[in-house]
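In structure tokens, one chain follows: the form predicted on its own.
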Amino acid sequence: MTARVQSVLNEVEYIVGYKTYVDLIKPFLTHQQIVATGMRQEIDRCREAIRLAAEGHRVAVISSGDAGVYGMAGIIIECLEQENLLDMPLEIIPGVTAASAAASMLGAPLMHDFAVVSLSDLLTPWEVIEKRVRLAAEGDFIFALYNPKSNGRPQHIETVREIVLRYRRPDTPVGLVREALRGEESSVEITTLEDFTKHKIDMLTTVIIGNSQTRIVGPYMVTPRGYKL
């Protein structure tokens, strides 16, 4: 936790967030009042946070990873716009997104151009996601896949595998990192494009698919940047 994050947590009166994320920071909380809600209640959380802030309270809305990468920053700004409160003071503190966290545990797979794609189709039509995957595969981008598999959509990750196999070798390295940088709960596997869907993958897994240059160097997954050694 950065010094700025700790400072903000100490200053605020209210912490607003998804229950699971609030639980992760409870060891760092003291006097703050908690407003926690479940999944798919993001708009409700934002509106409650803005209501409390408009009353003069100091409020922190928390996200996992980086608030500006699939996090709460965008929806907070949109809700402020809707309430005609864009002049309200707002600070967005950057964090470590899952792609960076997972990459650090694999070695250095993101050393060249990469695409981050969420496979959740709750807010984005699957046809759009599929097109983005295809174009990124054709462009030889490294992939970082978020929300790769759930009980409700077990086949999306298989479709991604089939698409990428049209453009890459079956032995292309793929890294699977579950609960990246969350202590003893974290796990790391390096496998191949051909076989990676045979491994356990769920919503807590970040999948990193290498590009045509990615290789295994000892225990590490590395995409060369292009330096002449």
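A quick note: this is a predicted structure, and the numbers were derived from the prediction, not measured. Heads up: residue numbers just count along the shown sequence, starting at 1.
There is also a form predicted in complex with a further copy of the same chain; it is not shown, and the following applies to it.
Quiz item: Want to guess which of 198-206, 63-71, 49-57, 29-37 is within 4.5 Å of a further copy of the same chain in the model of the complex, heavy atoms only?
Solution: Result for this chain: 63-71.
Practice problem: Indicate whether a further copy of the same chain has at least one heavy atom within 4.5 Å of a heavy atom of Lys19 in the model of the complex. | Solution: Judged by the heavy-atom cut-off of 4.5 Å, Lys19 is well away from a further copy of the same chain in the model of the complex.
Quiz item: Can any non-hydrogen atom of Pro94 be found within 4.5 angstroms of a further copy of the same chain in the model of the complex?
Solution: Judged by the heavy-atom cut-off of 4.5 Å, Pro94 is in contact with a further copy of the same chain in the model of the complex.
Practice problem: Flag Val188 as yes or no: does it have a non-hydrogen atom within 4.5 angstroms of any non-hydrogen atom of a further copy of the same chain in the model of the complex? | Solution: Close contact is absent here: in the model of the complex, Val188 is far from a further copy of the same chain, nothing within 4.5 Å, heavy atoms only.
Quiz item: So in the model of the complex, does any heavy atom of Pro154 sit within 4.5 Å of a further copy of the same chain?
Solution: Although a further copy of the same chain is absent here, Pro154 would stay clear of it in the model of the complex, with no heavy atoms inside 4.5 Å.
Quiz item: Each of Thr2, Glu42 and Val222 near a further copy of the same chain in the model of the complex, meaning some heavy atom within 4.5 Å?
Solution: Every residue of the spot touches a further copy of the same chain in the model of the complex.
Practice problem: Any residue of 111-126 with a heavy atom within 4.5 Å of a further copy of the same chain in the model of the complex counts; write them all down in order. | Solution: Residues within 4.5 Å: Met111, His112, Asp113, Phe114, Ala115, Val116, Val117, Ser118, Leu123, Thr124.
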